[in-house]
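In the form predicted alone, a lone chain appears below as structure tokens.
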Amino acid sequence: WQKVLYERQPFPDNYVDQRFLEELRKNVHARRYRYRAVVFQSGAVVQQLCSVCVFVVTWWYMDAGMLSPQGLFGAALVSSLLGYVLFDALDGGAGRRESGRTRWADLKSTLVFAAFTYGFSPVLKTLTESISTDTIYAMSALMLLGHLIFFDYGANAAIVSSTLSLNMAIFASVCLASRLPRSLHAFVMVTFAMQIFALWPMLQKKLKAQTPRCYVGVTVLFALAALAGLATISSVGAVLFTSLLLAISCLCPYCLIRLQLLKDNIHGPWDEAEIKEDLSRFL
């Protein structure tokens, strides 16, 4: 008997000999994870959940009149300048030199964005007047949920779309900003959303790549700040959010590692053939 189909043999097509299972292999491509490494990687999810929490808490304070738009804009401006300096200092400006982008170009982009956002803030304020508040809240919740689903956490998956994730977050911020008292509130809220959903993740990725220990410290401090802000609004919400963060950063990595031990993928001669040669010369 030969394992070929182009010769007639006195055996049925589904016949196999005694050597069939000798080529059996298990978990050829299985990855072995370490608990600390998985917990470290889960920091990206924790960071983004905290970003959404901070954004919602900030909006609630502005809607309740407990936070002035001038105060938020000043704090966001100072933090943006510090983050901008830190972003360049982490790699000594190597990333800027590779991209060829100058500080003057960054300043122009910032001024153009701020000018357009401020100019269209009256439109943003009245954009959803014909829509009920309950619908606005539901749309915002769905958009923020979509932002978390499609955000780039570092996984190479088809569902990842940084552009879609950012657009959904900005759409949610526009919806919520339209329910604030004045146009200035809407302008500051959209600007703050751009900072926390677009600029903050960029700084976090560079921190994660350059200084992992600082990244862990910043993640913990950011989570504590988000929890403290949420606790001033709802103690029950703070407890639930704490449970969620602990489950994602501690429980889920443990479950992943335990489930990896139960993995039992089998490979053998029944697998589909893989052509490993470069066939581009025949195209």
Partner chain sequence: MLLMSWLYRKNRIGHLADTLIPAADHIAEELQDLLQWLMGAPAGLKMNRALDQVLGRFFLYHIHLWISYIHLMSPFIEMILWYVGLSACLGLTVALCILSDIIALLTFHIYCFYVYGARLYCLKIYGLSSLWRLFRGKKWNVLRQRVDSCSYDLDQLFIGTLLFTILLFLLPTTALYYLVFTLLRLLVVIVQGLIHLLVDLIDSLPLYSILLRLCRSYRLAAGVKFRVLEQQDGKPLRLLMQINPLSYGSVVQTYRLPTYSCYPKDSWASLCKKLFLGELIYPWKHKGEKQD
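Numbering follows the first chain given and starts at 1. As the structure is a computational prediction, the values presented were derived from the model and not from experiment.
The same protein also exists as the form predicted in complex with its partner chain; that form is not shown, yet it is the one meant from here on.
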Heavy atom within 4.5 Å of its partner chain in the predicted complex: which of L72, A198, L90, L180?
A198
Checking I131, I149, L81, A209 against its partner chain in the predicted complex, the residue with a non-hydrogen atom inside 4.5 angstroms turns out to be I131
In the predicted complex, does each residue in the set F120, T163 and V174 place a non-hydrogen atom within 4.5 angstroms of its partner chain?
yes
Its partner chain in the predicted complex: contacting segment from 82-90, 104-112, 209-217, 151-159, heavy atom within 4.5 Å:
104-112
Classify L203 as contacting or not contacting its partner chain in the predicted complex by the rule of any non-hydrogen atom within 4.5 angstroms, answering yes or no.
no
Heavy atom of T126 within 4.5 Å of its partner chain in the predicted complex
yes
Given that its partner chain is not shown alongside this chain, does F116 nevertheless sit within 4.5 Å of it in the predicted complex, heavy atom to heavy atom?
yes
Although the partner isn't part of this model, could you tell me whether L184 comes within 4.5 Å of its partner chain in the predicted complex, counting any heavy atom of the residue?
no
